[in-house]
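Each of two forms of one protein chain follows alone as structure tokens, named structure 1 and structure 2.
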Structure 1
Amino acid sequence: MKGLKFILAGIIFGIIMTKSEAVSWYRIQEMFRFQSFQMYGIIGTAVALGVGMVLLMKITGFTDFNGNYIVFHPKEKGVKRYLLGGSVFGLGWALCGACPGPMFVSLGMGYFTMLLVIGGALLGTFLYGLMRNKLPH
């Protein structure tokens, strides 16, 4: 019962992503070709909602699944690291047509080829973990 609210949140997230067509490869390609505003509106709404939720979490002291308080640590600033990381993320997004949230929604919709994309994302995360000490931070 403890995880029920997280499962329900995931189901609601999947429904919203599907109904807004944010999991559509065609919508994502339209966005990267600057042919449609829809995805920019979805992303803008997500950013605004994310900022609002982080502020709310900082003020009220939200807890995670295990009851630990969620703490936000300041990030290092630097144009080079964010430009490089954002470029790699954007390239992967444009090539596979999905970012992390829609990858799992698409898998849940029965697009089993997303297992390759999820596997690639996990492999990239693993390789980053191995190389993290050698990268500029």
Structure 2
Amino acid sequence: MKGLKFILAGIIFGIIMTKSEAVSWYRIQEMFRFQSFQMYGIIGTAVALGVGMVLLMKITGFTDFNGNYIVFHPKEKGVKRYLLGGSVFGLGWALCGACPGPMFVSLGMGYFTMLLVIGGALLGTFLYGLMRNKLPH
């Protein structure tokens, strides 16, 4: 089954996020209070390794399993959408202590009230779709 590798990658992601406590509402609070290195260490290590990896892939012309060059698409330029959208995201992230990935990981852990958060996130995504032409980007 071709999709199995993605399920496996997801399983590993879920286990890591749980075991490093990155799915925890408490950890997000700790991060926004600058009281521990844990979350900064997790994201910092991933980004430091990621920067090296992307750079190496670009230099060596790394190809994926199909033999195609891996292309990195630059993000659309701009400031407003990233700053404003990012701030709205941050308000929600601190309030419910979960970004999109951890919402689903926590659900798997048995926190069924995460369904309310996921429902809210789907509603928020839908509302953005309706309003996006009126928002600054």
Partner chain sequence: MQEFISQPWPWYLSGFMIALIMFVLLFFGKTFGFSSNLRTICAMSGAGKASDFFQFDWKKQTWNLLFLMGSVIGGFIAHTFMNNEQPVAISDDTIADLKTLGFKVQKGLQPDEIFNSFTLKSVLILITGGLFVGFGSRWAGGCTSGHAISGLSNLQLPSLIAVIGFFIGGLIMTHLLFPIIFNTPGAL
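For clarity, a rigid core is taken as the largest C-alpha set superposing within 1.5 Å between two forms. This structure is a prediction, so every number in the text was calculated from the model and none was measured. Structure 1 provides the reference sequence; residues are numbered from 1 along it.
Asks: Looking at both copies of this chain, which one is the form predicted alone?
Replies: Pick structure 1; the other is not the form predicted alone.
Asks: Align both forms on the core first, then report whether Thr45 has a C-alpha shift of 2 Å or more between the two structures.
Replies: Yes; Thr45 is a residue whose C-alpha shifts (by 2 Å or more) between the two structures when the cores are overlaid.
Asks: Fitting the rigid core first, would the Cα of Met109 be found 2 Å or more away between the two structures?
Replies: Not so; Met109 is displaced by less than 2 Å.
Asks: When C-alpha atoms are superposed, by how many degrees is the smaller rigid part rotated relative to the larger between the two structures?
Replies: Rotation of the smaller segment between the two structures is 25 degrees.
Asks: What's the distance in angstrom the Cα of Glu76 travels between the two structures, core superposed?
Replies: So the C-alpha of Glu76 has moved 3.2 Å between the two structures.
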